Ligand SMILES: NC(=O)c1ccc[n+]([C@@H]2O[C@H](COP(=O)([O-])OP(=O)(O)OC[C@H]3O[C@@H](n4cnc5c(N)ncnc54)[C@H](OP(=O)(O)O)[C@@H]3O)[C@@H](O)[C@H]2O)c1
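Before any questions on how it binds or moves, here is one chain, the form predicted alone, in structure tokens.
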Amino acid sequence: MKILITGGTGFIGSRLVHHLSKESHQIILLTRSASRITKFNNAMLTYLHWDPRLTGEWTKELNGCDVVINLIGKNIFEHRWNEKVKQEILNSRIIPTKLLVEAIARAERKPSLLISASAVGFYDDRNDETITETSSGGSDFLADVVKQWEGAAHEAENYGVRIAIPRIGLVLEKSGGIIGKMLLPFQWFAGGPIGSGRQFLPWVHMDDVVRGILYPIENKNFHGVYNLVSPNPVSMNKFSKTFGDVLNRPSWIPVPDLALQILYGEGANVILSGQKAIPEKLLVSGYQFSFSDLKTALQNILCS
């Protein structure tokens, strides 16, 4: 199978490529680094230079592709939010996605499937209300970004391409994400919940993120948006308590709202709010989660 991937060297993308490389695929990674070809496990990887703001030679690789996986997007917590950073967050998702779809439209032999990442930031904070894929979207900045991001991907349907859009939750992995930020304070006996602690966290283990992103490839009738989160979201208080229990550390020093607002500005609202989102569409389709229990997931990540 020939698979083209954007964002393949990032937090999620690198794990996805490692998983795919165990099989005999031809994988094209669009990256800003110089072009090169290498053999990785059983797969043949081609690293192809691209500027995600411009068309170029990379568009030719879409001819004959079976699947395109779009994971591109600036880390929303890389910098404190201001108007410039917010524009970069938006542009880093919308512009490359539109370019991909435009290139797909011009391809003589189009891919059969576009998997384009999204986020549970589509939904707003609704306390303990259960959120499914049929729930309405929010009205804040991040929700608007996600709506435009998904809208750009949906345009590929006009060219006969099946679309799958995983709304990814809070990814648990030792090398980054929320665990990367919380681990050191807990190790130094200074860990605790973030913000009020009452907000729900739509967490998901990295293994399920990878499997969930690839799920539509083998399931030909699966399409549209779907929540890629554990079926058991928990409050920040429970998450922090479980985190401490797994590490045999206390969870008693909360991170105040003000500290996050100083660090991230308006972006702090993403952390201080939450969504009790569940993966209804995946569950109905028969997807089996590798890690549906938080304690088991954290033990796998922190103790292995």
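If you're wondering where the values come from, they're calculated on a predicted model, not measured in any experiment. From 1 onward, residues are counted along the sequence shown.
If you look for the form predicted in complex with the ligand, you will not find it shown, but the lines that follow are about it.
Considering the ligand in the model of the complex, the lone stretch of 125-133, 73-81, 182-190, 101-109 in range is 73-81 [heavy atom distance within 4.5 Å]. The listed set 168, 210, 156, 113 contains one residue whose heavy atoms approach the ligand in the model of the complex to within 4.5 Å, identified as 168. 12 is the sole member of 294, 282, 20, 12 with a non-hydrogen atom lying within 4.5 angstroms of the ligand in the model of the complex. Across the proposed site, 52, 93 and 118 without exception bring a heavy atom within 4.5 Å of the ligand in the model of the complex. By the criterion of a heavy atom within 4.5 Å, residue 60 is excluded from the residues contacting the ligand in the model of the complex. At a distance threshold of 4.5 angstroms between non-hydrogen atoms, residue 31 is in contact with the ligand in the model of the complex. Contact check for residue 149: a non-hydrogen atom falls within 4.5 Å of the ligand in the model of the complex.
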